[in-house]
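Given as structure tokens, the chain that follows is alone and in the form predicted alone.
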């Protein structure tokens, strides 16, 4: 390694998802093979940066991780400006900055969702760190990119689950409610609901009218369709802004399941997919996307650029100023082709 070669750090923050290891591999291998850079990985997200816990990444540590779910570096939801240390919450930005310089890093790659983009922006504003970010999340809601890695695999998992529920719903003539991850956006629910043949799809962007859903389910039953599948995002809320009873707090889908059973008289069951959607082997599409964005990040670092997120736009990996990304969320617009297709198929959106 030459004396003027660069050193870079990588961390993964926020919730885990498929494709993180592919992104780590893409960044590290491109840095080592193409630019002769030294690469270190901080453990457990921003906490590892603040606590100076890291490992050096080289050929052996990168071998065989492309197909692994999760992240070999570990992750956490810790925020550098508000980190729990014992019984206190402290600002660790200055310590993170000191560790960055102690390791003689030329850049830091932060891989994560919306929260990670905001935390990276905080570091940019309060330190002289050079930072590039990558967008990952199964929710697909990071602003400024056509797609986030982790999303494609999660759609496949949710779709397979909905496919399987068709069998038991048909056999028992039931309404099966499927709770899909997504607190603020419905990309995952809408896509897997469409691919899995759901009859009702309820997402946060469209507050639902319980009477519309009731009529849809009863109408199907009267037409001789003896079962129905209802895909619900965990962040779905009723149109009338009515409070969800205390006993159902944390599970809007459970509340909806009980209400539909009461209103329709149909046997109704709930299945929550939960964190199973985050695990397992990443799809080919997520491996490709994570690798493409990761290698582009290193190209930007070699060009001494900082303050950008590498986005997927029109099939290309492009830098987008982080200040445009941080604090924004990509929701499904009402006229999006995905929603238009669902409406054209006659799928009830609770509108």
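All of these numbers come straight from a predicted model, not from anything done at the bench. Positions refer to the first chain, counted from 1.
Here the subject shifts to the form predicted together with a small molecule, a form of this protein not shown in this document.
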Identify, from the list 205, 152, 199, 234, the residue with a heavy atom within 4.5 Å of the small molecule in the predicted bound form. 234
Contacting member of 181, 121, 194, 229, with respect to the small molecule in the predicted bound form [4.5 Å, heavy atom]: 181
Close approach of residue 137 to the small molecule in the predicted bound form, 4.5 Å, heavy atom: yes
Do residue 88 and the small molecule share at least one heavy atom pair within 4.5 Å in the predicted bound form? no
Is there a heavy atom of residue 255 lying 4.5 Å or less from a heavy atom of the small molecule in the predicted bound form? no
Contact label in the predicted bound form: residue 82 to the small molecule, heavy atom within 4.5 Å: no
In the predicted bound form, does each of 77, 275 and 278 have a heavy atom within 4.5 Å of the small molecule? yes
Only one of 265 to 273, 137 to 145, 213 to 221, 98 to 106 gets a heavy atom within 4.5 Å of the small molecule in the predicted bound form; which is it? 137 to 145
